[in-house]
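One chain comes next, on its own, written as structure tokens: the form predicted on its own.
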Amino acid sequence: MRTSKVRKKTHNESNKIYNKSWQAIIFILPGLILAVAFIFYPMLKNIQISFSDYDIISGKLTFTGLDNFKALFTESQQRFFTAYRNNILYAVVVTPITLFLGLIIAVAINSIKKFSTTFKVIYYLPVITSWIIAGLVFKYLFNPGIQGPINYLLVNVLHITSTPINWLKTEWGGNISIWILGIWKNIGYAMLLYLAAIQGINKSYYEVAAIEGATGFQKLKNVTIPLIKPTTFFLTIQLLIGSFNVFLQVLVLTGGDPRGKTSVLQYLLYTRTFKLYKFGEGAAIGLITAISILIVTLILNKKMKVDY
């Protein structure tokens, strides 16, 4: 009798688990189908094309091994290495400056009593501004002639140089313009996340620091910065990934000129794929970009050792 009851109880529990599993599968299935259709399949197809010669008209794929990668690495003008260098420089310059300015602005806004919402809106406006519109504004600001506001300021107001600088048609002038645009667009995003993190810190930490005679800078260094480390890690990852996806600012500001010296990986992918119709090389650039982002993320995850 007792054995029969145990079997019945076990059977009922198995049925409950079975029903819950089906309910879970029904909820997961739509998302899984979309992920397979729009993420995993394109990813695997990109890997396949990167090792092939792809004819988009016939849809024919001919396996070529590493030929697409060799073509990128051995090109006489070394456009791939220049683009890769520019991505790294963008990450090295834009990421720390954006984090620093975003943190400073967040601390400043958190410390004021009035108009904090107004300042939040002002600093966040660039984030929601279209890259194309922002790029066109920056193209006007960095106009190579004396009528360009930046050149006018440098030549006629500050007298730093006697002749206007051709910002967008020189290697470093173009890169600096792209970096400044990237920093301007991302500061508001960093500011908002830092502000949320700072406002989530328990006030008792600051009260204890004040009792011990800590200055404002010491509170920032020893309390705020360590406690917002997860936010810094998240922002660093986001900005580094964004650094490998730079495209629109290059397209609008410089078009990769002069001779690809301001190009980046995504712009090179665009030109190889949609202008030269070298789909295999474009897919190879995409694969290299994905691997680079993965490596950077793993290294940062290990080095920063964030405990959530």
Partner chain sequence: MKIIRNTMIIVLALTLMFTGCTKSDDAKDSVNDIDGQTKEEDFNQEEASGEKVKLTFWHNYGADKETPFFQDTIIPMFNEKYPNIEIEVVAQGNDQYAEQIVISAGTNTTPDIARLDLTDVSGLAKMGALAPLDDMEGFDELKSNLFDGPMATNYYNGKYYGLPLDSSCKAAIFNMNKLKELGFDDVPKTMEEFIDASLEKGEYTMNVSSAGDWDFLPYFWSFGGVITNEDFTKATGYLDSEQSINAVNKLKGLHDKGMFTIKEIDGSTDAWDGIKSGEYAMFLEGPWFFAFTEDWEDSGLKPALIPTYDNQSSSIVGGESIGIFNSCEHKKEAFQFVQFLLSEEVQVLMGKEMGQMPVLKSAAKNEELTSDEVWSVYLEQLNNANTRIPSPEKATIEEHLKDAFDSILTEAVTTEEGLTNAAELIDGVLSNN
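Computed from a prediction, not measured in an experiment: that's the story for all the values here. Numbering follows the first chain given and starts at 1.
Absent from the display: the form predicted in complex with its partner chain. The rest refers to it.
A.B. asks: Contact with its partner chain in the predicted bound form for Arg85, defined as at least one heavy atom pair within 4.5 Å: yes or no?
C.D. replies: The answer is no: Arg85 has no heavy atom within 4.5 Å of its partner chain.
A.B. asks: With a 4.5 Å heavy atom cut-off, would you call Thr215 a contact of its partner chain in the predicted bound form?
C.D. replies: Judged by the heavy-atom cut-off of 4.5 Å, Thr215 is well away from its partner chain in the predicted bound form.
A.B. asks: Does Ile57 reach its partner chain in the predicted bound form, with heavy atoms at most 4.5 Å apart?
C.D. replies: Yes, Ile57 sits close enough to its partner chain in the predicted bound form that at least one of its heavy atoms falls within 4.5 Å.
A.B. asks: Spell out, yes or no, whether the shortest heavy atom distance between Asp67 and its partner chain in the predicted bound form is within 4.5 Å.
C.D. replies: Residue-level check for Asp67: no, no contact with its partner chain.
A.B. asks: Looking at Lys229, Lys169, Lys221, Lys120, which is the one with a non-hydrogen atom within 4.5 Å of its partner chain in the predicted bound form?
C.D. replies: Comparing distances to its partner chain in the predicted bound form, the residue within 4.5 Å is Lys169.
A.B. asks: Want to guess which of 107-115, 186-194, 90-98, 77-85 is within 4.5 Å of its partner chain in the predicted bound form, heavy atoms only?
C.D. replies: Flagged stretch: 77-85.
A.B. asks: Can you name the residues of 277-303 that have a heavy atom within 4.5 Å of its partner chain in the predicted bound form?
C.D. replies: Tyr277, Lys278, Phe279 sit within 4.5 Å of the partner.
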